[in-house]
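Given as structure tokens, the chain that follows is alone and in the form predicted alone.
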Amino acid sequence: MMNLSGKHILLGVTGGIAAYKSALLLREFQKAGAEVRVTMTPSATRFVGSETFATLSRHEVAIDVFNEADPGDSWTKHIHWGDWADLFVIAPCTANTLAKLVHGQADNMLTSVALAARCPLLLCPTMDAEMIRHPAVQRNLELAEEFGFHILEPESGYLASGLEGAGRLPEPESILKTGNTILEQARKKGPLSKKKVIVTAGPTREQIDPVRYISNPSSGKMGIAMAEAARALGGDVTLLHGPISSELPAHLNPVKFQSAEDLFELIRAHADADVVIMAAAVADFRPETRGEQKIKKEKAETTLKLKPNPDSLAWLGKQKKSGQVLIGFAMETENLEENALKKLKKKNLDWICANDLTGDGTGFEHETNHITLFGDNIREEFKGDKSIIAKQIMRRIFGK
């Protein structure tokens, strides 16, 4: 079975009779492991209700650029969704929407997202055979290919008009196969193609005794998002992760660690990586001694003595090889910029992602984040869903 685990698929549905088949296509993408969001043209809702796609995708369906019920929610949705997607599939794509796409029109959410999208666009033109053959439609298909859009030719057969000919929406399996091929081609052309990338994520656990430890609330979500973003740019990614609850896809080559010392040994083993992204929340200290058995409270000392842990990122900075890119993370509760810039210089990093823990919806365990990226005379802020800003940060760093 095809594996699209971790991929974000944006499904566009336009106003043709084949719109009912898009619900089946959505389910097939989900079965392959992808997360799917749906945007529909107003005409498409005459064939299939938006509630169907909302229920199946478990996301709201975007139709209008202006949402009268919540104007603030909709105004920039086309930008955020365009950043979120790894692949935008428009199936079916009517002659009307095709014309709008190749002439840059944006009069609904679907066409607005298409203009904002940073990902490959797959069009499945679906209409009656006579419409497909029309010179205007043929010219628009040529323009679409000139713009770099991917076209999946319609199948032949019995059409809604009662006639026989080319114009049918291809079967979901064919669309999935084509989409997967497009994604793989994009990966191979990415700026990290043939590059070895190491990403760390999640917390460390420093054992006090067999049942107690020092740790932090890191969920590993930001590190996982950075790993997926690196892989989307073509990187050969290995994800080193602490104890986290998230299910990790095999394509990230996950390797588990427990303590900061465990992580240090893994970093030493992978120090030849072309890119290292240190997003793990690593404990600076560990207990000076560890109890071999559970420490009974009546015998326990009330003072816990600590000693420093090895600093993997500082070690990498000292061992840094020519052309290697080191990206660190700094989680701060005060003096964000000052502390981040100090860490950037002290540890010989190329970039540092400074994460302010004092904001709402940012930092540990949240789905969203607020990161300020610092580099050589560069300061840029990124806010929003962790999976989106991870892509934005990686594109900013590697120039795609």
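Here the structure is a predicted model, which is why all the values come from computation and not from measurement. In case it trips you up, residue 1 is the first one in the sequence shown, and so on.
What comes next is about the form predicted together with ligand CTP, which is not displayed.
The partner is absent here, but in the model of the complex a heavy atom of Ala280, alone among Val237, Met109, Ala280, Val275, sits within 4.5 Å of ligand CTP. This chain appears without its partner; in the model of the complex, the one residue of Leu56, Met331, Ala32, Val61 with a heavy atom within 4.5 Å of ligand CTP is Met331. Stretch 343-351 is the answer when you ask which of 36-44, 358-366, 371-379, 343-351 has residues with heavy atoms within 4.5 Å of ligand CTP in the model of the complex. Heavy atoms of Glu301 never reach within 4.5 Å of ligand CTP in the model of the complex, leaving it off the interface.
At least one heavy atom of Ser312 is located within 4.5 Å of ligand CTP in the model of the complex. Proximity of Asp284 to ligand CTP in the model of the complex falls within the 4.5 Å heavy atom cutoff.
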